[in-house]
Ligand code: LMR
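Here's a solo chain for you in structure tokens, the form predicted alone.
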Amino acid sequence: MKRIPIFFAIVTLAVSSAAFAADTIVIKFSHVVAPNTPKGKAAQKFKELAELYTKGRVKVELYPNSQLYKDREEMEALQLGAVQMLAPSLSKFGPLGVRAFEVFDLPYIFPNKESLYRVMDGDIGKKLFAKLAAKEIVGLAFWDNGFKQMSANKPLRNVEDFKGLKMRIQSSKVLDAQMRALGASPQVMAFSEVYTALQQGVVDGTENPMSNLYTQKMHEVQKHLTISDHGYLGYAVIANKKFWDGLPSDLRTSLEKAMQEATAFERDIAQKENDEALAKVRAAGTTEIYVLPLQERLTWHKVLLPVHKEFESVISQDLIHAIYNVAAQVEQEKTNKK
């Protein structure tokens, strides 16, 4: 008689497992920016392609604008399995303990997009993603958001103009050092809180690619904008490792295809979105725009370059110099084509 409950338990478990396998798999994809940014649009493109290529076996739920989690919370939520996918900025991996990713925060390390993409898509990018496995995270793709510009409620033309300003940054030791090198006081703050902080004078300024600045309406509360291209902001699309590894192989292949196409789409629109955002800020007339001339850009570069040396022991001297070599190779190829 005692065997009957065990038998029924086994049958019930088998039926439940079969039913689960047939159920739609839900991917909660959380991010902190607006849906009309390059990242927001790419997330929507991934959703559409993922659901198409898996024939509806996977459903992607998007949660933009920090609807579920703010900057500091989302990585922990991913590791705990509360969400399955994120697209955090590359600055988020330093606080997680994967300090090599802070190389993307170094000022003026990428002279152009060609060098950047070659780093992301080559051996350097693969090695960086491999470092995430120990954190139970899988790296899926690098998404672009463009070079950053400085904004404040006073003109930022010379390095001396930063002295004493409270400048919002992401949680990054490199960005902290960058602002200190300029003479500013760095203030770590969640992205969702920046507009209000600028409006109320809690911080004086910040740095952003144009699409982020415009879609968050920061130009409404920033009187001055300097086109400096001093740093880079990109994202890594990542997944909970246990969830990703546990997917049926055919679904994983379909999702990888969707991600590859969404990444190509995202990179195509990133620069276009930033150019359009700059034009819209100019048209709004609320912000004076200053394009940093070459001579002053060289001065900024000279002041900020020591930050590279400061972080060689943290990020890896070999990694930093490997990126220098990629940039030099790209420039040499350009010269040879002339």
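Residue positions are given as counts along the sequence shown, with the first one as 1. As the structure is a computational prediction, the values presented were derived from the model and not from experiment.
Absent from the display: the form predicted together with ligand LMR. The rest refers to it.
Taking non-hydrogen atoms only, Asp229 never approaches ligand LMR to within 4.5 angstroms in the model of the complex. Taking the partner from elsewhere, Val32 is found to have a heavy atom lying within 4.5 Å of ligand LMR in the model of the complex. In the model of the complex, ligand LMR lies farther than 4.5 Å from every heavy atom of His219. Using a 4.5 angstroms limit between non-hydrogen atoms, Asn212 touches ligand LMR in the model of the complex. Across the options 164 to 172, 149 to 157, 244 to 252, 261 to 269, residues that bring heavy atoms within 4.5 Å of ligand LMR in the model of the complex belong to 164 to 172. With the partner omitted here, the residue from Glu136, Asp176, Asp71, Glu114 that has a non-hydrogen atom within 4.5 angstroms of ligand LMR in the model of the complex is Asp71. Proximity to ligand LMR in the model of the complex, defined as a heavy atom within 4.5 Å, holds among Leu233, Val98, Ala181, Ala77 only for Leu233. The partner is not shown here, and in the model of the complex the stretch 238 to 253 never reaches within 4.5 angstroms of ligand LMR through any heavy atom.
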